[in-house]
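A single chain comes next, written as C-alpha cells; it is the form predicted alone.
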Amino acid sequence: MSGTFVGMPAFPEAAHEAVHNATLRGNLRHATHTIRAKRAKAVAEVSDWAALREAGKQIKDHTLRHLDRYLVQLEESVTTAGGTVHWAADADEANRIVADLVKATGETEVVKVKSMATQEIGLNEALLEEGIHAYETDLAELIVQLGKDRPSHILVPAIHRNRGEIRDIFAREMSEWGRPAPEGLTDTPAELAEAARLHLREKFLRAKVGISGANFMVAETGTLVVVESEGNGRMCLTLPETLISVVGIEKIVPTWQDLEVFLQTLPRSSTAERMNPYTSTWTGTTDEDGPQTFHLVLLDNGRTDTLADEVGRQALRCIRCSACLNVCPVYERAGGHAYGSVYPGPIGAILSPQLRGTQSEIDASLPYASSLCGACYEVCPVAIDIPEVLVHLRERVAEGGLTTRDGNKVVLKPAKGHAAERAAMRAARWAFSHPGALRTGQRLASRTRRFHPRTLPGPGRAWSASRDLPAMPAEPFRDWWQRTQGGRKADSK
C-alpha cells in the first residue's frame, strides 16, 4: 500500500469499504473510547478549563489577524538566534528547499520526529526521489512506515493496528530498514517497544541530519516547541549536526507566556496527561550544544487562502490534539484512511478541502463526512466550531465548488453531482419567501399524511434505509396557533 493519499476515492466510497472491516472497527472503537474517557477525566481536574479554552481561542484569533506582523518578527528572532529562515509557498517548493539542504550536507539519510506538515507535503517521497532515505522515529509513525501504510489518526497514526499486526510488521519488515526484530518477538507492549528502541537507536547515533515539525513557534524569541511522549523526538532534535524544521505558518504564538495556555490544554486534550513527558524547545543554535546548523522552512501551502475565508479560517486555530477524532461517531466507524488526507476526522473534513484547494471528488465529499452532532466542537480546546465550518463548506460545494489555486489567481470550479441538491435548495428558498404558497403546501401535506411513504424513493432510499422519516403532524403549527391562541402574537419573551 502506498504511503500517500493520491488517488483515494471519495469519502462515501472509502467509508463504505471501511465499515465492513470488523477488525478495523474493533481497533478504532477500543482505542477511541479509551482515549476519550481518559481525556474527560483529565479535563475535569481543571476548574478553569472553559477559561483556558477561551484564552486559547483568543490567542489564536489575535495571531491570525496579525499573522503578517508576527511572521516577520519570527523571522527576525530566528535569524538573530543563528538560524536561517526559508519561505515555501507550496509543497513542491518546500520539498525542493529541504532536499537541497540535505544534499548540501552530503548525507543520504535523515531521522524525523513526527511531523504532520512533512506528511502533508509528501516530503519522504520527495526525498526518496533524490536518493535520500527518511526514517520515522515516532513509534506509531515507525509502524506505519514499516507497514507501507498510511497514518489514520493525528495523535496515534497506527490506531487502526492491533498488537498482533504490529508484531507481524516488525518481524517481517525491520530487517529491510535496519536492525531486525528480535527472534521470537511476542505482541506484549514491552517487547514491541524494546524492538523499536533497539532498531531506532542505531539510526539516532548515525544520523547527521534531523527533520522536525513544531507544535508552536514563539515570535518574540524565535523559539520552536515540540511536545511528545516517547523521547524519540528529543533524540532527533539534539543529536544531529543539522536540524531542518518544516512548520505551517499558522503555528505561531506571539509571546513565550502564551505557551502557558496551550501547555495545559494540549496534553489533556490529546494524551489525557497533565503535562507532556517531553517538551523540547530550541532557539537558533548554541555553540557545542545541539545542532550547529538550524533551518526553518515556513510553509504556506493553502494557509493564506484559508485565512481569507472569514468562517473557514478558524480551522487554522487547530493545535493537532485529535480530541475531535476520538469523539466523532463517523470517524470511529470509518477510520482515518477514508478521509483521503493526512488530516482525518472532523478537523480533516474542514482543513483538507481548504488547504488542498482543489475541487476533486474527495475534497467535495469531505464536508459531508459528518452527522453535525457537535461533539467535536464541545471537546475542541481552542473552540473551533467545526459544524459551522462544515455547513459553510457544504454551501460552497452546492453553490459552485471549492476554490482552487491557479498561480496567483483564485478560480471557482463548478461542483459535480450536486444539481439535485441545488434545485431542492432553490425550491425551498422560493417557498420560504412566499408565505401563501408555504401555508398552502403545509396544509396539503398534513391532510395527505396517511399516504406518505415510510421510505423515500430513488436516491433518497439510501437515507431512509437506516432512518425513520419524521411523522407529519396532524395540522401545521400556524393552524394550531390560530386555533388555540386565537391569533394572538407569541410572547416575545
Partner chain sequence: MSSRGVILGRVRRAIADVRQDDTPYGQAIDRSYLREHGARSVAETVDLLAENLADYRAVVHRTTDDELSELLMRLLAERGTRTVLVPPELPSHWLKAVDATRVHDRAQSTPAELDRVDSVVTACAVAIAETGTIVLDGGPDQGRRRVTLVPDHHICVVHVPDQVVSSVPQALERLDPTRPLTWISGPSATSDIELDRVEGVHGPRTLEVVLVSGQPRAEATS
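Remember, predicted model here, so these are calculated numbers, not experimental data. Numbering follows the first chain given and starts at 1.
The form predicted in complex with the partner chain exists for this protein as well; it is not shown, and the discussion that follows is about that form.
Here is the short version: of 259, 126, 101, 383, the single residue with a heavy atom within 4.5 Å of the partner chain in the predicted bound form is 259.
Between the options 84, 105, 360, 283, the residue in contact with the partner chain in the predicted bound form by a heavy atom within 4.5 angstroms is 283. Contact annotation: residue 192 falls within 4.5 Å of the partner chain in the predicted bound form, judged by heavy atom distances. Taking the partner from elsewhere, residue 329 is found to have every heavy atom lying beyond 4.5 Å of the partner chain in the predicted bound form. In the predicted bound form, the partner chain sits within 4.5 Å of a heavy atom of residue 162. Among heavy atoms of residue 182, none comes within 4.5 Å of the partner chain in the predicted bound form. Note that among 336-344, 362-370, 261-269, 389-397, the stretch whose heavy atoms approach the partner chain to within 4.5 Å in the predicted bound form is 261-269.
Within 4.5 Å of the partner chain in the predicted bound form, a heavy atom is found for all three of 88, 156 and 238.
Shown here without the partner chain, the chain has 221, 223 in 208-225 lying with a heavy atom within 4.5 Å of that partner in the predicted bound form.
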